[in-house]
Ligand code: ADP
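Given next, in structure tokens, is a single chain: the form predicted on its own.
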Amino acid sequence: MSASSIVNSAQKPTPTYAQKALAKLGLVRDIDFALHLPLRYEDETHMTALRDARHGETVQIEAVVTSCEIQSKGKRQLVVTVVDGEPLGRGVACTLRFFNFYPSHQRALAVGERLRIRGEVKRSLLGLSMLHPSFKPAGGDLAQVLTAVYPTSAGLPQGYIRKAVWGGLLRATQRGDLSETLALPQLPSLQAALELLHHPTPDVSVATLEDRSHPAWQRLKAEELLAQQLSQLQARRERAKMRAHTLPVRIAPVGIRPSTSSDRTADGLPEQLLGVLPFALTHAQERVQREIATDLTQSKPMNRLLQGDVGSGKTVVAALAAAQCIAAGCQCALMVPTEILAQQHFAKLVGWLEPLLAARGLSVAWLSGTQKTKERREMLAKIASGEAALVVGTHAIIQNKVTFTKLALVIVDEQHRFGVAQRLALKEKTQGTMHPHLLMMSATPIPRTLAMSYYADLDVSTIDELPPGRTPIVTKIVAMAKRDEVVRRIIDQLKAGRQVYWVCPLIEESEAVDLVNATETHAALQAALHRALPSARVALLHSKVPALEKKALMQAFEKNDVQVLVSTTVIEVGVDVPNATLMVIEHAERFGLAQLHQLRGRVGRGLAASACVLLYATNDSGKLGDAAKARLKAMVDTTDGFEIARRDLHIRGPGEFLGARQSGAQMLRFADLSQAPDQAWLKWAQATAPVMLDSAPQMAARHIERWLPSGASFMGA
């Protein structure tokens, strides 16, 4: 038992607390406990003499405490000396150090106590030592199997969760919850696989258990991937039974813009929109627009993900889909994560569509949580009457008071920022039995393997081409110590008539501190720039700035009335100021890779050369963490969003990459789709799922129920 375990076990968690803590870990049903697998294993099946212990090796020893004292010189610590071997005094001494300890530890480690101790041995000129080893009283038989160490939460010691998991496994076995749902003769049965993984014998290779290559692990990966594919195929088939409004359109051949009246359908709104755009569509935009337009003509709901790099032109494709919807006499809702992004879309869409809609007695409305009552009431009335053919807004769109007359298309921008429940709430705004078409947009491209797995129930359209005229962005990594050089670079840009973003990090846990940092940065920049350019205006934008003031600041920046915008990440998406040519990101090591790439995409939108400066700070040891180093290197190496996405997935793993940990969606726990063997199991699952669903639907339902908590789904399935 570890030092911390002694304290925890002395105060056993109350049943209510334990139940809540277990539920937080997803442990509710017996099968949940059975599938809660160890993080690692400790070998307590044999003893090692200290004289035989190698440096860096984790061993179990039996020894007697010869001294125990608290040392206050330097960092306060409990220092314990033990000696193994018989008779006492003829063995080898080892020093145990504890930086976190309690009086109960001192009692358990009193002089003369004989203990079993397990830890990593370090050899130095001062002899042998262990840091924070686990320990328990000596005596009793040695373990016959490897000791499992489980994922847990605060207040639940290993002994408690181990007992709970093994109890759940036993009950699940006795009730037949682990009975076979598929035949995989080359692998152990599910029950045998789980028994082995929870209670491995010493002859099983720990390496194959911990790298998850053991056949028992392969069985679990195959079952999990099959459950995922069954769940998503079932969702796709259910969706195929639903009915949606058919939104007709004539699709012109690629590269040909409709111009004659015979080419127009409904009232010709999509074609008229194409005619007023100040640019031509790229080939990629034309291709995905045709894919979406074809879907909208169907009587079953579209369920499509539109992905494209920063600046690839997803908004205009969404506008064309909205125009097709409106031309058919229906309403379209566009939901975005932030008010600034809502206003950006609102301004663009109004500029393109409002004159065309006004001629038809229609308008564009927008909703946000900070609107004044009168304005909001007017917008709600327009939406309810059908006058507002396009509604742009934040999550305020899904509130109960918002009533549509004929909602046929829902567009969700930056879809990874919304949970599944929020997307469903918007889909339920339709009347009667009809379901809306759903178009989800993302500026974080999804690697193909993930798209095949997590978005198997979605059709994916990809804009893989940037519009002409986008200026390449040079990215530089600069230490915080050279901040003055960056300020001189800003002055050069301002003298050339350009504008600059300076982004400060905002971390939820330390929001107050970070707002102070942003305020101090703003004041320091203002002072430095005032000496060189007295007329330069520096503005500060963060989440605490009132909505109307935020809007005014952004408009001032767009008009070049503000030259430098110091901001937290509220400007991450949607902001489009072509005259801004320099992006400075302070404490870039704190940001995620996708976030850094999104921020960089705010510059390079005009014809002038643009740059992104990543200011970084090292830790107390003067180093950058490996993950932070990998993120910054990726930013310098490439501006390709798809390559950025591939590296981001490698650094963060799929759960954080897809936003699933935030949205509460079900993730793969065991399969790792960056590994070739697991990709092979994915292909097997994709081939097996339709056969199983068709030939053994009840077995398929049981298989899904085993792997998914009630009411859950894999991603948006």
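Each residue number is its position in the shown sequence, starting from 1. Quantities reported herein were computed from a predicted structural model and do not represent experimental measurements.
Note that the form predicted in complex with adenosine-5'-diphosphate isn't included here; everything after this is about it.
Colleague: Find out whether any non-hydrogen atom of residue 280 is located within 4.5 angstroms of adenosine-5'-diphosphate in the model of the complex, and reply yes or no.
Modeller: Heavy-atom contact with adenosine-5'-diphosphate at 4.5 Å: present for residue 280.
Colleague: Since only the chain is shown here, I'm wondering whether residue 221 would be in contact with adenosine-5'-diphosphate in the model of the complex (any heavy atom pair within 4.5 Å).
Modeller: Judged by the heavy-atom cut-off of 4.5 Å, residue 221 is well away from adenosine-5'-diphosphate in the model of the complex.
Colleague: Answer yes if any heavy atom of residue 600 is within 4.5 Å of a heavy atom of adenosine-5'-diphosphate in the model of the complex; otherwise answer no.
Modeller: Outside the cut-off, so no.
Colleague: Report yes if any heavy atom of residue 238 sits within 4.5 Å of a heavy atom of adenosine-5'-diphosphate in the model of the complex; otherwise report no.
Modeller: It does not: once adenosine-5'-diphosphate is placed as it appears in the model of the complex, residue 238 has no heavy atom within 4.5 Å of it.
Colleague: Scan 472, 468, 74, 140 and let me know which has any heavy atom within 4.5 Å of adenosine-5'-diphosphate in the model of the complex.
Modeller: The residue in contact is 468.
Colleague: Could you work out which of 483, 212, 382, 605 is the residue within 4.5 angstroms of adenosine-5'-diphosphate in the model of the complex, going by heavy atoms?
Modeller: The residue in contact is 605.
Colleague: Out of 181 to 189, 527 to 535, 494 to 502, 302 to 310, where are the residues with a heavy atom within 4.5 Å of adenosine-5'-diphosphate in the model of the complex?
Modeller: Looking at the other structure, the answer is 302 to 310.
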